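Shown next as structure tokens: one chain only, the form predicted on its own.
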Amino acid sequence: MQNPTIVLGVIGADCHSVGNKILEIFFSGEGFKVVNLGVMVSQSEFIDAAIETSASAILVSSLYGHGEIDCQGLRDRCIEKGLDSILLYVGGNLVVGKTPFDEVEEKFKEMGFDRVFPPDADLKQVAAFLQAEVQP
């Protein structure tokens, strides 16, 4: 089996680039084919890249706190474009304020994300989830 392709980027008006590059290096080292869209990525750009590359997963990051707004409707847009079964992972500082993570996780799962990670997530664990959940 060839290495699964994942699309990653920083959504919305967020321009935090250092973590994005760390994710690219890490997931490449874990055997994934990484398509890194960089920062300030729109939902359409994530979806178009996933279609063009036959990606198994979209990994969305957000550090500026507006992920809840930026990610709204992403699952529905994926379904509209035929990506019904694509994995959607999201992580970072996803909301403004000191909201308990379990509440943040619940919000994003209700929006259709398969996995939700805090800013201090263990990347090895994220990679293990991805390896286990990607479609062959």
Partner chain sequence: MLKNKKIEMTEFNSIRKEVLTAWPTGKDVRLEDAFRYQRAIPAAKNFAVAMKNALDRGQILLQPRAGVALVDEHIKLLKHLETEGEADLLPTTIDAYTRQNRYEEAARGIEKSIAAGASLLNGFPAVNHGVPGCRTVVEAVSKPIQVRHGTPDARLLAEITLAAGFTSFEGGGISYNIPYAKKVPLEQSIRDWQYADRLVGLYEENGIRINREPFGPLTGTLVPPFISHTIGIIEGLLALEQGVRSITLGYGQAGNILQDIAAITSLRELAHDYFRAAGHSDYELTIVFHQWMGGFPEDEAKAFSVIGWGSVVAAFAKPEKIIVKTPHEAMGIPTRAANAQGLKATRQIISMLTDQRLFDALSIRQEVDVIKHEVKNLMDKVLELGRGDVAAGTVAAFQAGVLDVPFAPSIYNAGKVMPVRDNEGFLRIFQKGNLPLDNEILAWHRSKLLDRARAEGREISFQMVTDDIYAISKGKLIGRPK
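All of these numbers come straight from a predicted model, not from anything done at the bench. Residue numbers count along the first chain shown, from 1.
Keep in mind that the form predicted in complex with its partner chain is not shown, yet the notes after this line are about it.
Engineer: In the predicted bound form, does V90 have a heavy atom within 4.5 Å of its partner chain?
Structural biologist: Looking in the predicted bound form, residue contacts with its partner chain do not include V90, since no heavy atom lies within 4.5 Å.
Engineer: So, I69 and its partner chain: in the predicted bound form, are they within 4.5 Å at any heavy atom pair?
Structural biologist: Contact check for I69: yes, within 4.5 Å of its partner chain in the predicted bound form.
Engineer: Evaluate G112 for contact with its partner chain in the predicted bound form, applying a 4.5 angstroms cut-off between non-hydrogen atoms, and reply yes or no.
Structural biologist: Taking the distances in the predicted bound form, the answer for G112 is no, it never comes within 4.5 Å of its partner chain.
Engineer: Even though the partner isn't displayed, in the predicted bound form is V96 close enough to its partner chain, meaning a heavy atom within 4.5 Å?
Structural biologist: Judged by the heavy-atom cut-off of 4.5 Å, V96 is in contact with its partner chain in the predicted bound form.
Engineer: If the cut-off is 4.5 angstroms on heavy atoms, which of these, G38, G29, G82, G73, is the one near its partner chain in the predicted bound form?
Structural biologist: By the 4.5 Å criterion, the partner-contacting residue is G38.
Engineer: Mind listing which residues of 17 to 37 have a heavy atom within 4.5 Å of its partner chain in the predicted bound form?
Structural biologist: Heavy-atom contacts to its partner chain in the predicted bound form: S17, V18, K21, I22, I25, L37.
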